[in-house]
Each structure stands twice: as structure tokens, then as C-alpha cells.
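Next up: a single chain in C-alpha cells, the form predicted alone.
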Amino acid sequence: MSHAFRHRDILEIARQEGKVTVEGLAQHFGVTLQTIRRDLSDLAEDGRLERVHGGAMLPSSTSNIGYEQRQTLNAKAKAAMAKACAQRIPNNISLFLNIGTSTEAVARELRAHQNLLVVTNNMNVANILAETQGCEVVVTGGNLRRADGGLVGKLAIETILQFKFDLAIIGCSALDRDGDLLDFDIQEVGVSQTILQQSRKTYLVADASKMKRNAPARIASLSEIDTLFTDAPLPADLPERCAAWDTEVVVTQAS
């Protein structure tokens, strides 16, 4: 069977079952695991599937994929972006780290920094930095989102409004061709907008998979971001727009 026919059948199985696994598809088609991984990567590159640990699923515009799956998705790319981002973060500043596996990767790269005041609505970030002597960690209040350890809602916003940050490091669920940052949770959007409002400078950390997804709620535009850290060139005319907005784009490569 040619890969084009196999891709068609993989998409049909995904529509029927919601998710496909590498091992299940390899057995179904009688091909190697490597062949199926290549098929799924091609379909993900086209935006027709989303890669998750051990397989893929249909992309959704109304709900995010699970936190455990996001942790393993593009992990090497996130690590490279986080390292580049952390290298731009000086000692002796205040900063905010919001919800997301990309910002958690940045937190891991900050453990050698000194004299940082880190405010976060991400319980995972707080845990990552808990033993870091060079960081004072402040956790916002808010409603705990058990799925990923995020704190959202009015109490989170009220905490953020007590600060003026030197720098904010944020993530997003999707980044569209207009340069809009998008998310699935309207409560998280309100928190993210408040973070932008209370920060002198903002870095966005978003891997290339975010540019192949859609989400219903708008956070902001890349025109409001100082630097974007990503792992692939931006699509269409977005690089020209970023240049006009004076938004720096840093493209990293996974090692």
C-alpha cells in the first residue's frame, strides 16, 4: 500500500476511534514502527493529526490535549527553546512564569540563576524551583486546575495586579497565521492578559506545533511580545509582520 492510501486510512481510523497508536497501526498495515512514525509525522506536519506519546489524535479547536501528552510532545525542542530563553534572562530581576510545559522547561534552566523573584500560577514551576536558593518563589492564589497544576480565576489575577514584573515568560496553546496567541481556557486567557499588562517585557516560548493548531480564545498579538522563542521558521508573511512590530524571533534547534 502506498503512503498516500495509508495516510487516508490512518485518518479514517483516527476519526472512528479518536486516537491511533504506532503499534496498533503497524500491526494493522503490516509495516514497521518506523514507517508508521514517519506517516504520523507527515500527517502532523500537514496539520491533520496531533502527535501524542505513542501515537496521534485528531486536532481539536475547542479542547487541549492532556497534560501528560503535552509533557512528552516536542520535549527536545522545548528544552532547546528554554535554554535559549534562559540565557536572555539576567540575574537580579522579577519575572512571571505562567502555565504550560514550555514555561516549566524554562524554569528548569533557571536553577543556576541568582536573586530572582519568580511569581507563578503554575504549581509545577513552583515545585521545580522550590529547592533553588537563588530564587524567591511566590505562588498566586486561584482555582486549581488539577489537570495541569495551573491556578486561574479572579484570585490569580488579583495577585498578579500586586506586581510590576521586569519580565514575563509565557506560553500559549496555539499561534495563528495572523500572529494571534490563542488558548482553550477563557479563565487562563484573563490571567495571561493581566500578566502582559503588568510586565515591562514579555517573552513567548512556543514550539512549531502551536502554529498547526487552533484554539477559540484570543490572548494577545505577537505585536505585544518582545521576543518569540520557537523551533521552526514562522509561516507565510508572519516574519515580515514581526519585523514591522519590532518582535524579535529566535529560532532554535534541538540538540
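All of these numbers come straight from a predicted model, not from anything done at the bench. The term rigid core refers to the most C-alpha atoms you can superpose between the two forms while keeping them within 1.5 Å. Numbering starts at 1 and follows the sequence shown.
Same protein, other form: the form predicted together with a further copy of the same chain, not shown, and the subject of what follows.
Screening 124-132, 164-172, 177-185, 98-106 for residues having heavy atoms within 4.5 Å of a further copy of the same chain in the predicted bound form returns a single hit, 124-132. a further copy of the same chain is not shown here, and in the predicted bound form it never comes within 4.5 Å of any heavy atom of residue 94.
Among residues of the shown chain, residue 157 is not one whose heavy atoms approach a further copy of the same chain to within 4.5 Å in the predicted bound form.
For the chain shown alone, residue 89 is not a contact residue for a further copy of the same chain in the predicted bound form, no non-hydrogen atom being within 4.5 angstroms. Under a 4.5 angstroms non-hydrogen atom cutoff, a further copy of the same chain in the predicted bound form has residue 151 among its neighbouring residues.
Of the residues in 207-227, none comes within 4.5 Å of a further copy of the same chain in the predicted bound form through any heavy atom. After superposing the rigid core, the C-alpha of residue 9 moves by 2 Å or more between this form and the one not shown. Cα-Cα spacing of residue 47 to residue 243 is enlarged in the predicted bound form versus the present form (difference of at least 3 Å).
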